[in-house]
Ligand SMILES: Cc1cc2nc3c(=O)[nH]c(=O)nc-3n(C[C@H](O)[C@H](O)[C@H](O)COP(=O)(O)O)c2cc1C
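Just one chain is shown here, as structure tokens, and it is the form predicted on its own.
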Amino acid sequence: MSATLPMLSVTEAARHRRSIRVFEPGPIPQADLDAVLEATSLAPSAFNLQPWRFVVVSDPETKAKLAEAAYRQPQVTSAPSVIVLYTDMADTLATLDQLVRPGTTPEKAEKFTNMIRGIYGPQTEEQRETWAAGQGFIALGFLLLAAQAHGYATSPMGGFEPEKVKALLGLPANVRIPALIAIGRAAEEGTPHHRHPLSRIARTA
């Protein structure tokens, strides 16, 4: 956490978060980016497969090219950094040994890896990567709250050309990109929340 920024609770972060498109200049300290991404990495995933990966784009020239792939949305170049959230089941399945919990017996480790390969191995690449992208949105939610908790504003974007982003960053062809996330210190207040009341969206059964 930045020494100059207050740490917010989860509820406070959710209440204060806005989608910001104008950011203050100046880089984000690497320690702060690491803290946000470390908190994001704690997001849950089915079977603990953690298929999400991140590329932090801070170089102005690369951001300018990324903006072209994102329909020139101004927050891409305004923000000091843009986090590209992508998911990669091919990499996940190729490195299942890294997901075995410490202290697991060899027999249980083999049972786990065989189970995962048995579930996802027969699927098509399209099926696997679509599933992984859905898991990626869990990480996205964690990232937005973690950033706000550390004092940073965000703007998640779904409007971009995935193939151009992959080519720019040298990402494998199979991966999916759930979102681009502009991150930095807000230079505007953003639009106030307008949400359904709880009674509109939740009920008991």
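The first residue of the sequence shown is number 1, and the count goes up from there. Keep in mind that this is a model prediction, so the values were computed, not measured.
The discussion below concerns the form predicted in complex with the ligand, not included here.
Colleague: Looking at Leu33, Val165, Ala146, Leu140, which is the one with a non-hydrogen atom within 4.5 Å of the ligand in the model of the complex?
Modeller: Selected option: Leu140.
Colleague: So which of Ser81, Thr130, Gln73, Thr113 gets a non-hydrogen atom within 4.5 Å of the ligand in the model of the complex?
Modeller: It is Gln73.
Colleague: Is there a heavy atom of Met157 lying 4.5 Å or less from a heavy atom of the ligand in the model of the complex?
Modeller: Close contact exists here: in the model of the complex, Met157 approaches the ligand to within 4.5 Å, heavy atoms only.
Colleague: Please run the contact check for Ser9 against the ligand in the model of the complex: heavy atoms, 4.5 angstroms, yes or no?
Modeller: Contact with the ligand, no.
Colleague: Taking any heavy atom pair closer than or equal to 4.5 Å as contact, tell me whether Arg18 reaches the ligand in the model of the complex.
Modeller: Flag for Arg18 set to yes.
Colleague: Just to confirm, His193 within 4.5 Å of the ligand in the model of the complex by heavy atoms?
Modeller: His193 belongs to the contact set for the ligand.
Colleague: Heavy atoms within 4.5 Å of the ligand in the model of the complex: which stretch among 50-58, 132-140, 168-176, 36-44?
Modeller: It is the stretch 132-140.
Colleague: What are the residues of 94-131, in order along the chain, with a heavy atom within 4.5 Å of the ligand in the model of the complex?
Modeller: The stretch does not touch the partner at all.
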